[in-house]
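Heads up, the chain shows up twice below as structure tokens, two forms, tagged structure 1 and structure 2.
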Structure 1
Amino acid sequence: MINIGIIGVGTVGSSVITILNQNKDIIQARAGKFLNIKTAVVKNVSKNRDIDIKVTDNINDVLDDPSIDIVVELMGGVDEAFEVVKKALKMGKAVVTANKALLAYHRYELQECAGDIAFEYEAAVAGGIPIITALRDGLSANHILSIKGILNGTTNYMLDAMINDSVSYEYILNKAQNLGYAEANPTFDVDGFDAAHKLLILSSIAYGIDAKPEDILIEGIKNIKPDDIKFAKDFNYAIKLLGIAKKIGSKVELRVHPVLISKDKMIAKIDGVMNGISVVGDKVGETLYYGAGAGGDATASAVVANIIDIARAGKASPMLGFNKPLEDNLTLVAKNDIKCKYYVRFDVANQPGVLHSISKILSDKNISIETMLQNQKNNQRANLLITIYETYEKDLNDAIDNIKQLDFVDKTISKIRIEN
């Protein structure tokens, strides 16, 4: 028998308990042992829960119990979770976590602390999709050329509804929260941090890159306006929040932002709360992964899979999948040096000279226009919708700052990167 201590019984924790109970026979057949949840740590012990497990609000009831083999950390947050997990490892207990924020900041220290002790985190990235196992084990013979993923179910669900059902941002965010998709603090979803945490974890497995969220370009979905959605629809684009990791020579580009992407691309067809990830390896070519990225049962499916794996093997591969640096001299591309194609929308006064002034500022920064469209809004104002060829992040930002100084241009300027 394997004894488990579970810390945090929210949406995911409750599903873990349910799955271990409802699927106990098949789980035991696969694990080779009975998996027993011995203790559950909750915030409020007096809350009525329909579970037949010892419930406590003292984390040390799990950490100091020598009979507990596996600690399942589902408490969330970074600092306290870090201390709890370190102590569990110090006490020789295997750890399973779904905590992407913890890993976004401390994965290398945790790999060090874990050493030979099993530390698993499949549920931390893309909920129920076994992308950690795929990348760390299934593709371990490859140099990873790129990873492109819809890694946040909440924003994918929201963008789908905003584009296809024309609902408002506020309405659909509220619905995503009620459905249990969103983080406790949904700004993590809509501002792109949740996807960035997941991308950082994947990029460590792929490249061994030790970046923190503040080192990479992160942009959320808040600035996508109905006029931009109309442009996307008119020109057969989907809008998706993508996490992108790309190896370019000895550099790695990491970024999270909304993209306009042709509706014909596979990843553009992933709608609703689903996640999808394309990974390109130098030997295998492109591989694709699709499934539920949020929600209690899907996430708990990955947590329980890790528990089964630990029960079977007793020992995991190195946490991030490597024992020594993967490739020497790999460095992160600075945010300003990232190059993309863009769509930019200017709300301008409809009068002579406007286009000339804007295109002059763009050309001064060596930015080349690919397409241009003007939509008249009323007698005085028009939307100028421009797509530009690949340009450096910094050059476009500088140009936009200069364009904002023109008194006939509204200060709210939309820009969305275009992904091929």
Structure 2
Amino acid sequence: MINIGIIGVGTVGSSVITILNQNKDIIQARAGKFLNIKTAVVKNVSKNRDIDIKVTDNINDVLDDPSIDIVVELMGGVDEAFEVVKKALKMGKAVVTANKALLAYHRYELQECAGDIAFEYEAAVAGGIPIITALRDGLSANHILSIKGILNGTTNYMLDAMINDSVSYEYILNKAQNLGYAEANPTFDVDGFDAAHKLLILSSIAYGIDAKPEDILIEGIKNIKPDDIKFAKDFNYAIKLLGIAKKIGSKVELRVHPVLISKDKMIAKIDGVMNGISVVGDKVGETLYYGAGAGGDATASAVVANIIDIARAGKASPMLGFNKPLEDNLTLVAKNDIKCKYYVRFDVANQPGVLHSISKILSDKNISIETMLQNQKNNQRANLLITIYETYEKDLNDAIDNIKQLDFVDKTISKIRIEN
């Protein structure tokens, strides 16, 4: 028998308990042992919960209990969770977590703390999709050339509605909140931080690179306007918030932001609240992973799968999948040195000389225009829509700063990267 302590019994924790109870026969057959939930830690012990296990508000009832073999950390947050998980590992207990923020900041310290103790975290990235197992085990013979993922279902749902139903950002955000897809404070999702935390975890497994959220380019979806949506529809693009990791020589590029991507691409076809991740290996080529990226049951399914893995094996391989640096001297590409194709929208006065002035500033920064389209808004104003060949982030940002100084250009300029 394996005894389990669960810290945090919210949506996911409740689903874990339900799955372990409802599917206990098949789980025992697959694990080879009976999995017993001995103790659950909650914030409010007086709250009515339909669970037939010991409930406490004292974390040490789990951490200091020598009979508990596996600690399931579902409390969320970073600092307190870090201390709790460290103590669990110090006490020799295996750990399963769904805490992406914890791993975004402390995955390397936790791997060192874990040593030969099992530490699993499949549920921290893309809910029920087994992407951690795929990267760490299934693709372990490959150099990973790139990862591109829709890692946040909330923003994918919102962008799909904006482009397919022509609704505003404000309208669809309110609807997403009413449906429970977005929190009352949606910043974590719509500003790209949730996806960034997940990308950092995947990039560590793929490349062994230790980056923090502050080190990488992160942009959300707030600035996408109806004019950008119209451009995407007219030119057969989807707009997706992607987490992107690429290996370029001895450097790794990590970024999270909206992209224009051809509707013909497989990842562009992933709709609604679903997640999808494309991984390209040097030997296997492209593989694509699709499924529910959030929700109690999907996330809990991954948590329980990790518990079963630990019950089977007892002792784990390294948490991130490697014992020594994967490759020597891999470094992170600086934000300003990222190179992309871009779409840029300017709101300009409808007067002579506008195109010449903007084109000259771009040319002075060695930026080449691929296409240019002008849409008249009224007699006085027009939208100037430009796509740009690959250029450096810094050069385009500098050019945009200079263009903003022109008195006929509105200071609000839209910029979306184009992904092949």
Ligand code: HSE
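Whichever C-alpha set is largest while still superposing within 1.5 Å between the two forms counts as the rigid core. Since the structure is predicted, the reported quantities are computational estimates derived from the model, not experimental observations. Throughout, residue numbering runs from 1 along the sequence of structure 1.
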So which is the form predicted alone here, 1 or 2? 2
Relative to the superposed rigid core, does L173 relocate between structure 1 and structure 2 - that is, does its Cα move 2 Å or more? yes
